[in-house]
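Presented as structure tokens, the chain that follows is alone, the form predicted on its own.
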């Protein structure tokens, strides 16, 4: 699974990677993005051509849910569970890319849980495969999202058996295109090549979701 991630690179880097015509000025550096918080998501605009960035609550609420406050709100969808009712419609019609420049997993040392930050070897921004939904009761609207996970590669697998699906830049358009056949989409739900990633000790303050500063990436002394 993926329970925390980071997006701290300059806004322009995000705009360039995801081909956003209007750089999102409100995108501030974040070092400890946690479930139920707003996360940036990229998806096609209504014209079906240009892309936009919106902030969605992390924890998917299906459009058919009875209400938005109770019930299961998954932050992750396993790549082998996308046929289930919670994810089926979103996988077909509401795919997005969630910008990040790293994500956390934890290793146990005795009673301690020590965070590890995984990132690209070049330190750059990447896009995680996501799903989005809009729930409404006719008056209130709630836009939510979740990540899709797959088996871990060799780098992440030393700490956890799952990792987010990272979509290569050359496949961003295919992932977002509603006309892409399902069998082609499923070929993207694979581990990112291990040689393109690295693991780095992080600070245990990451365990507190209220801590958001760059000190999250500084290993404890």
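Since the structure is predicted, the reported quantities are computational estimates derived from the model, not experimental observations. Positions refer to the first chain, counted from 1.
Absent from the display: the form predicted together with the DNA. The rest refers to it.
The contact with the DNA in the predicted complex, taken as any heavy atom within 4.5 Å, belongs to 34 out of 189, 27, 176, 34. For the options 161, 154, 67, 184, the one in contact with the DNA in the predicted complex, meaning a heavy atom within 4.5 Å, is 161. Of the heavy atoms in residue 198, none are within 4.5 Å of the DNA in the predicted complex. In the predicted complex, the DNA lies within 4.5 Å of some heavy atom of residue 106. The closest heavy atom approach of residue 138 to the DNA in the predicted complex falls outside 4.5 Å. None of the heavy atoms of residue 21 is located within 4.5 Å of the DNA in the predicted complex. Figure note: of the listed segments 94-102, 75-83, 116-124, 129-137, the one touching the DNA in the predicted complex, with heavy atoms no more than 4.5 Å away, is 75-83. Residues are counted as partner-facing when one of their heavy atoms sits within 4.5 Å of the DNA in the predicted complex; in 4-24 only 4 qualifies.
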